[in-house]
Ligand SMILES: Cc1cc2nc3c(=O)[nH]c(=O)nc-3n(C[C@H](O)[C@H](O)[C@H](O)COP(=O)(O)OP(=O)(O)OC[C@H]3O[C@@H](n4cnc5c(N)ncnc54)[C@H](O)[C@@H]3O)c2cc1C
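A single chain comes next, written as structure tokens; it is the form predicted on its own.
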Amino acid sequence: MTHIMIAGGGIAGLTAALSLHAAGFERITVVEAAREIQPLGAGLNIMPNAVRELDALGLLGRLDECAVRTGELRYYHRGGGLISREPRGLAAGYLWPQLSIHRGDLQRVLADAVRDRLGSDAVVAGVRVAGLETSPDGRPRVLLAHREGRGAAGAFLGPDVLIGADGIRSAVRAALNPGEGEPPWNGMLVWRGVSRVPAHRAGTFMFIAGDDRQKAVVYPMTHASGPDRHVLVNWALAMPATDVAGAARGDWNRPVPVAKFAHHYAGWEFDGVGVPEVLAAAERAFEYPMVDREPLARWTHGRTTLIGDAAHAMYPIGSNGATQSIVDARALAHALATHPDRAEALAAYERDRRPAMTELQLANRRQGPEVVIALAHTRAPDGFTDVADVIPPSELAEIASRYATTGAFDPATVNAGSPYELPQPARS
């Protein structure tokens, strides 16, 4: 029976476990460095191409209970002028919605499904990858260690397949690419958090506002609840850093006081949604330097490969981090289910996914679709009366369309159906 080990119990790893189980693989082990899988982080947008894959796993109903189906994205000049309004999800003609959701809620739904379908012993927490070797036949030999460093959790283990889903600071990636070093930083600092805001002050849309140096992303991710009719609002702010001494690159959980940065966003209000008001309602905030990873020329070594941020960590632009991790997981399961030779399966997965993800990483370094706020500011720093005088509608449409095509989440591609629909369960 094929034994597949997944390093990392985040969104990529858990989706991979569910996808492999759906493909008929039964011996799947997820090793997670954290002592337990906890619902951490802030908000995410899951694009329709990934929602399609989660729906195929039977999870859309559960996700709808804790998410918002985003219907519109707006871009604003920092002075308040509306640059564009884009329908999203079902409103844009997709057969699947775009979901705004707390990362913790998404991870909880995935983890619950893994426990229900694979059993409670499928996830081994508090254990990290401490070493990796590749046998002459391509089979991985994995050394596991306790999180606290209390020694190895066992001798070298020899799973048939190893999947590195352990994030931007992936131990599996580091073993395959020794000497790569820290994630490169672009000089921007990001602050993220969640606020509980009255529904009538939260807006019904997602917006991205700012200029070529400073940005705010805000959107509701729950429906109004309770007698006070409040919703949870996700926010992410970015601007050039002046001091990041001691900040760990790639660490999403460095707490800072909101007062450290709130003054930079005084007066930012867009169609009734005030950034200062949202920040004032935040209980806590986290910061990190905006980092990604250099595109790799190779993800796969024998029977070991990478998915998600371990493979292609990218700047948080265009809602593609978690989205593409989910698609990776489905693509990998499909390749393993349709190629009896495990090494060839991983090679086929890489041929399918790596070129497109490299292109997307580079597109995000060029600001992706969010380049429109920089263009508007550069061409009209003091604002505008009619945005068509600044950015023609055809140019706005072309920017959005080009990025959607790069990420394979344009309506035509998504609505054509999943290329990763699984055959009858493989006998593993």
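Remember, predicted model here, so these are calculated numbers, not experimental data. So that there is no doubt, residue numbering starts at 1 and follows the sequence shown.
The form predicted together with the ligand exists for this protein as well; it is not shown, and the discussion that follows is about that form.
- Contact check for Leu176, Asp292 and Arg354: none of the three has a heavy atom within 4.5 Å of the ligand in the predicted complex.
- Looking at 379-387, 55-63, 42-50, 366-374, the stretch with residues near the ligand in the predicted complex, meaning non-hydrogen atoms within 4.5 angstroms, turns out to be 42-50.
- This chain lacks the partner; the member of His334, Arg78, Arg303, Arg103 within 4.5 angstroms of the ligand in the predicted complex by a non-hydrogen atom is Arg103.
- With the partner removed from view, the residue among Gly210, Gly167, Pro220, Gly318 that has a non-hydrogen atom within 4.5 Å of the ligand in the predicted complex turns out to be Gly167.
- At a distance threshold of 4.5 angstroms between non-hydrogen atoms, Asn253 is in contact with the ligand in the predicted complex.
- Although the partner is absent here, Ala33 is a contact residue: one of its heavy atoms lies within 4.5 angstroms of the ligand in the predicted complex.
- Residue contact check for Gly407: none of its heavy atoms lie within 4.5 Å of the ligand in the predicted complex.
- The shortest heavy atom separation between Ala171 and the ligand in the predicted complex is within 4.5 Å.
- Taking the ligand as positioned in the predicted complex, the residues of 119-138 that bring a heavy atom within 4.5 Å of it are, in sequence order, Val127, Arg128, Val129.
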